[in-house]
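Structure 1 and structure 2 below are two forms of the same protein chain, each written out on its own as structure tokens.
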Structure 1
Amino acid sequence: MSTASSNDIWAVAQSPWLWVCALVVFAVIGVQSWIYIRAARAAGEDVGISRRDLNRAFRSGAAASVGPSLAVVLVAIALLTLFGTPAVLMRIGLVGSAATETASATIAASSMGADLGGPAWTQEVFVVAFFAMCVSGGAWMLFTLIFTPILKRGSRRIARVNPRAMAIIPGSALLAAFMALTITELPKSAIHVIAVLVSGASMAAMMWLARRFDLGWLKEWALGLAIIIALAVIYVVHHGHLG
């Protein structure tokens, strides 16, 4: 256990201490959601949105995240052998994504002359990489804690100076963020383009159907279905190419 240059990552990575940390993190996320739900319900009636609609919003959010969550699970389990279970839960479960964390670990490992999962991927390299990933991920939270109150004051001031700004800014920022994120994917490969087009077209078709025939459930599940349709088409294209 103390032969730290060993390749047996799991002896360290499955430490009960890490399990405790991972479970505490998940528990805090759960507590936060509970507090937020109570706060939203307390405000709902006075703002003019019923308890039933808030519950529907919760359910829509849950339904919409099933597809993305399963995809995240698939990517996360691929990292299990490298990082062990609690570290994967902590790093994927918290701010960050599989891509960010894999890249961070690769960079940190190479600073010690090691490759991810290569012969030099020892317990020591794992601990150093995990340290770098945790501190790097913490930066997002730190800056959020610092910037949010400042930005909140700024948005209050803008709203006071010109109230109409708050009717335009959130929507246009949302559109720009997702257009830019999507366009970033396009030059990566032809299959990325197909993924965006199939997914977008499926969503457009389902939104039309949902509106035409008044299908509320379809609005909730359309995202998951669009992801599945797009991935199925890509699976055929990708493997059709390879023969």
Structure 2
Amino acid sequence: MSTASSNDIWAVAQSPWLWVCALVVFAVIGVQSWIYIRAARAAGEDVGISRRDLNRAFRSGAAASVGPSLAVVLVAIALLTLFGTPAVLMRIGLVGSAATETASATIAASSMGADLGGPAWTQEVFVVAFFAMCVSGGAWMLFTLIFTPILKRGSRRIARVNPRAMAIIPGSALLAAFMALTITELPKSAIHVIAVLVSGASMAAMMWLARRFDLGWLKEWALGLAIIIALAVIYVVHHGHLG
């Protein structure tokens, strides 16, 4: 029987109870996704959106999720050696923010005088770090639960005052979010700058081709293809002159 001061993390990280909890979490995510898809189909029919347009929107969303999901998967693979499969599936799979989860675990571990994966990374530290990750994710969801209805009431008031504003605000917020993420990456290295330029140029070229030759399928896959092209170029550059 392992003790709390033991470095045998896998005795608790691969616990059957954690596996059960991970499977329950993914079952809830699957049911939730199914409910959202049904609700979107029903709402789309009510506002006159055809089934074809809805399917196109679903495919575009799936293609757009490739990039962010790939980044999360790569970080999740790196965290497997620290937290084990069930904990990573529960936290990264549920919240999806590897940076937030890692920061929570790092702060919790450092409060006990340990580093992630270091000599003092014991079962006790693992449990505290995992608990901190769960609390962080719970607070995130609680904040969303409380403030979403409040923000919804605010959006209704804005729509009554100026309906055009609600057509501009969501797009502006999305554009600002992507710009903030992009600008944050630019100063890191020349590789990051090349990735931004190549992906942006690829996206612009594919959107021009889609409009010029009326290629609807290219609009759906443009984001995913731009990510793949940028990754391929960065791989070549990284293992070439700038690596």
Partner chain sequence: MNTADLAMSRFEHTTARWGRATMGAVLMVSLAAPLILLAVGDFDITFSQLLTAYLAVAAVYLVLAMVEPITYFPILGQAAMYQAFMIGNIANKLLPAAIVAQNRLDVRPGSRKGDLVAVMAICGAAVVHIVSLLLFVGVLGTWLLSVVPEPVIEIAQLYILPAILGAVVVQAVVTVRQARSTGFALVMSLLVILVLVPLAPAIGPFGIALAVLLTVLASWFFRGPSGPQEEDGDADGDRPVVPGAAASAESGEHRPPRS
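Take the two forms, superpose them, and find the largest set of C-alpha atoms that agree within 1.5 Å; that set is the rigid core. Numbers follow structure 1, counted from its first residue as 1. Predicted model, so just to flag it, every value in this text is computed and none were measured.
1 or 2: which is the form predicted on its own?
Form predicted on its own: structure 2.
Once the core is superposed between the two structures, does Trp217 show a C-alpha displacement of at least 2 Å?
For Trp217, whose C-alpha is compared between the two structures after core superposition, the shift is 2 Å or more.
For Ala204, is the CA shift between the two structures at least 2 Å following rigid-core superposition?
Yes, because once the rigid core is superposed, the C-alpha of Ala204 moves 2 Å or more between the two structures.
Taking 2 Å as the cut-off, check whether the CA of Ala57 shifts that much or more between the two structures after a rigid core fit.
The answer is yes; the displacement is at least 2 Å.
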